[in-house]
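The chain below stands alone and is given in structure tokens; this is the form predicted alone.
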């Protein structure tokens, strides 16, 4: 079959890499892709925001399954549009995608269905928000209601910090909005919990711990993700049952009550406090870099899983994983998540020879004349599978030292909570 993958990050390179392994996939298109997908797929620079042009390209090139990597096309309703033309699409529809598209939509579901999450307030202007903040204890969490590429969340330690965050949100730093969400700060340990659904049944799809902050020790500004490890050290049978019964299943029930179903990946960002899960946020796709961390552990044909979700027979698929530990380190452009240079050559990339249990996924890269250049904030992902997290990180560090890219930086402490060294 011919498959199309939307996206240009490490997540999409990882998805393409696993699809390439399937005996049933004979061609992959990636829209627009990167220097990594360039080697295994046809990169196509087409405006996927123009649904009609994109649909025409799919039909003309006989693409039989479309996999949507990032959140924006899902929130904008691409799935609904393509399904009108009988095109198989892996990903949730527009209404279900509001779980990520609007944090307030999700909080209202939590309120109605008794899903454990932080106490919150919704404010429609700067003055009301600031009046509330003056009376609130800190730290406190400020969230942009709309999509923000994983960066629209502030953890503020003072009234001054939180007021500045509110001002940035209302002034459109993450897009036009007339609402801001203010939440209590939950103190615990974060965990990413993934499921996959065909609208009828669900299966677990792994756990991970993402490192969002740009500096070591989880300090500094929020990013799209500096690295991750899988599985989470917190997960166990009892906690897993609580997550499904208290958070995932009530959410899916809420969507059914709204007249829709959920198909695709669902990523629950959780805070675990005394072995009790609290929902921080939902993402309606695989996380990045969690996807790059989890997918190398998958033994089952990923294409078969995607197809089963589209055909609503996921229960017939047995998803198998290897029992290795996985760790991912993201190499970023200097200056990220603020301003950074683009089109910086990445030399020595062809010198990297990976072992069978190690992986390198491209993100913000392009290939020009046989050379590689950085074009994004997050540039490369190095992943290693091992029996020990420490060994995995040591393996990755060897590659990073050999690459020796002077245009970038990375966190050297990814996985520190499970490594203790």
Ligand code: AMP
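Residue numbers count along the first chain shown, from 1. What you see is a predicted model; the values in this text were computed from it and never measured.
The same protein has a further form, the form predicted in complex with ligand AMP, not shown here; the description that follows concerns it.
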Taking the partner as it appears in the predicted bound form, which of 240-248, 324-332, 171-179, 153-161 has residues with heavy atoms within 4.5 Å of ligand AMP?
-> 153-161
Find the only residue in 186, 314, 195, 346 having a heavy atom within 4.5 Å of ligand AMP in the predicted bound form.
-> 186
Tell me, out of 280, 272, 147, 307, which residue has a non-hydrogen atom within 4.5 angstroms of ligand AMP in the predicted bound form.
-> 280
4.5 angstroms heavy atom contact with ligand AMP in the predicted bound form for residue 190 | yes
Is there a non-hydrogen atom of residue 263 within 4.5 angstroms of a non-hydrogen atom of ligand AMP in the predicted bound form?
-> no
Should residue 118 be classed as touching ligand AMP in the predicted bound form when contacts are defined as heavy atoms within 4.5 Å?
-> yes
Residue 141, heavy atom within 4.5 angstroms of ligand AMP in the predicted bound form | yes
Within 4.5 Å of ligand AMP in the predicted bound form: residues from 30-45 (heavy atom criterion) | none
